[in-house]
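For reference, the chain that follows is the form predicted alone, supplied as structure tokens.
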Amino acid sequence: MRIGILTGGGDCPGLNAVIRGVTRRAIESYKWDVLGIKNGWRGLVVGETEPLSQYAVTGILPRGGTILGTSRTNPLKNQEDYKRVRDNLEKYSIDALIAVGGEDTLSVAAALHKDGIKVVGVPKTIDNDLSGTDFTFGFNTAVSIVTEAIDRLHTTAESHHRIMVVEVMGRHSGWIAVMSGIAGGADAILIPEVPFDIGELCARLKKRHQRKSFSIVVVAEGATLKGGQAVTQSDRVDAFGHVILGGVGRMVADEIEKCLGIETRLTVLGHIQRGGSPTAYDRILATRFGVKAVDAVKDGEFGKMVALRAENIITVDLEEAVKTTKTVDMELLDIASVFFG
């Protein structure tokens, strides 16, 4: 038996832990061969692979990123690329494929499964917006990074009597913004699920500044004004049709300063949230996902995605995983709002 593994979409901490878990489980428990596919789906389009051994995955557990590389290649965009993917699976004698990624990567995996390819998915997105699983690896690390940034911004905001706006990742859901905002003691949190009114935000901050001389506002990159659209950097889109978000933090900071006359500074954390070593939680979760994915192959559970439910690692249908975006539990935002103002 030979299994292939690829990592697609945006990188995040914990990918190497999955690769290590898959490789060690396959080789040590089942004596299978493992073939790493380079740079996501692009590797199966152009034929870029490398064998993975126990030695190859030694020492990668604490490393961020992915030793296999990644890309946002979408082979479903044209039939020729899709055919190359299927041809290369046969060429490299890959009996089963483990695809590690978010909604876009797993939508390709679901399409392959419908065409008879033996595929198992592993959920990966720092946004934690993938249905079917309670949490995705990488999310805990991102929340920890943002929380530390908020902690640091508190001290300079208080010293200079400023309002600090922190823009974080979150295209369709505000999980990072809400969880880090609660952990960091933010005074306002803006998320895609709840369009905001800039006048109401300014009124809340003005009231707060009657007794406190500083504020922290956390805004997800996909947050929108009531009746408005997401703020984008350009009209350019990626291979899956997603526009490049960015700029809502700047708009919010400018409007607050204009409205209140209080010095307001913006910090855009950007790819800092993706980089660096994964937390212990993400290392453990990613390892469990990798081991379970190989077990799913052994048990013939194809067209499935491994997932966390409560404290258990289970399998769910890939279709369920990519069907809808998992949005923020509004109870969490309600808890956060207790500390606004």
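Because the structure is predicted, anything quoted here is derived from the model rather than measured. For every residue, the number given is its place in the sequence shown, counted from 1.
Absent from the display: the form predicted together with 6-O-phosphono-beta-D-fructofuranose (F6P). The rest refers to it.
- 126 is the sole member of 126, 218, 100, 223 with a non-hydrogen atom lying within 4.5 angstroms of 6-O-phosphono-beta-D-fructofuranose (F6P) in the model of the complex.
- Contact annotation: of the candidates 209, 162, 113, 171, the single residue with a non-hydrogen atom within 4.5 angstroms of 6-O-phosphono-beta-D-fructofuranose (F6P) in the model of the complex is 171.
- Although 6-O-phosphono-beta-D-fructofuranose (F6P) is omitted here, in the model of the complex all of 72, 271 and 274 have a heavy atom within 4.5 Å of it.
- With the partner omitted here, the stretch from 248 to 256, 81 to 89, 163 to 171, 178 to 186 that lies within 4.5 Å of 6-O-phosphono-beta-D-fructofuranose (F6P) by heavy atoms in the model of the complex is 163 to 171.
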